[in-house]
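So this first bit is one chain, no partners, the form predicted alone, shown in structure tokens.
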Amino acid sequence: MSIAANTNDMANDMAESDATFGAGGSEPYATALRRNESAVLHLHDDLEGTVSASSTMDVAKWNADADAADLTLLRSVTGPVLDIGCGPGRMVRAARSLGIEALGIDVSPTAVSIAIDAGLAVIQGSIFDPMPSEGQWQTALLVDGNIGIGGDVSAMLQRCTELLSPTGEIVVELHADPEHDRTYRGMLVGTDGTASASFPWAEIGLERLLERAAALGLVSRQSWLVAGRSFVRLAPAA
């Protein structure tokens, strides 16, 4: 099946609903998760048909154990941790192994089912819906590009702020280019040409994120690079 054919199908899907990450269409994301094997997906701009190097995703990473960079991040945070866009629960599982209380949330029924079957604390839903323990989370975690959920970085930061305790922090994984700032409608495309429906998405680097954060009364407590990945820790200004 060609990407072009799938794009036509996606336009029809969009008329009915605004899909979330990887949903709708042929759902290559859900298929790759269920198979639990190395499957490369590409995040295309639905209008331009372009793909950037940063948007090539190996779904096997999300099913696998946390890597050294993930563990370095988790050892630097305090629970309880809310992992936003947790997928099948890699970070929740790793947090539990470190003795950190953590809950994951994801919109994908397949990802949540895999996590629950593994005995992990994960719920299905949108982060913009009412959440358990609002105002009590010590860490809101946005890794694997999940700052882009919903295509509105400022709205995501504002929502995370609402969920935090007075001393809480938001930990964000960023685009490698600190000046990068892009919002678009994306779709996930598998190597076999199968594609999801289009969904709103965003990508942002450190400098541009700090501008958005400052406008919301958030300041950077730390930014760092590890294994080619860029992170920042944000907190409400004193």
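Keep in mind it's a predicted model, so treat the numbers as computed, not measured. Position 1 is the first residue in the sequence shown; the rest follow in order.
The form predicted together with a small molecule exists for this protein as well; it is not shown, and the discussion that follows is about that form.
* To do: Mind telling me which stretch in 71-79, 142-150, 157-165, 114-122 gets its heavy atoms within 4.5 Å of the small molecule in the predicted bound form?
  => In short, 142-150.
* Asked: Taking the shortest heavy atom distance, is S126 within 4.5 Å of the small molecule in the predicted bound form?
  -> Output for S126 is yes: heavy atoms within 4.5 Å of the small molecule.
* Asked: Within a 4.5 Å heavy atom cut-off, is C86 in contact with the small molecule in the predicted bound form?
  -> Close contact exists here: in the predicted bound form, C86 approaches the small molecule to within 4.5 Å, heavy atoms only.
* **the small molecule contact at I100 in the predicted bound form, heavy atom, 4.5 Å** => Close contact is absent here: in the predicted bound form, I100 is far from the small molecule, nothing within 4.5 Å, heavy atoms only.
* Is there any non-hydrogen atom of V107 lying within 4.5 Å of the small molecule in the predicted bound form? -> Heavy-atom contact with the small molecule at 4.5 Å: present for V107.
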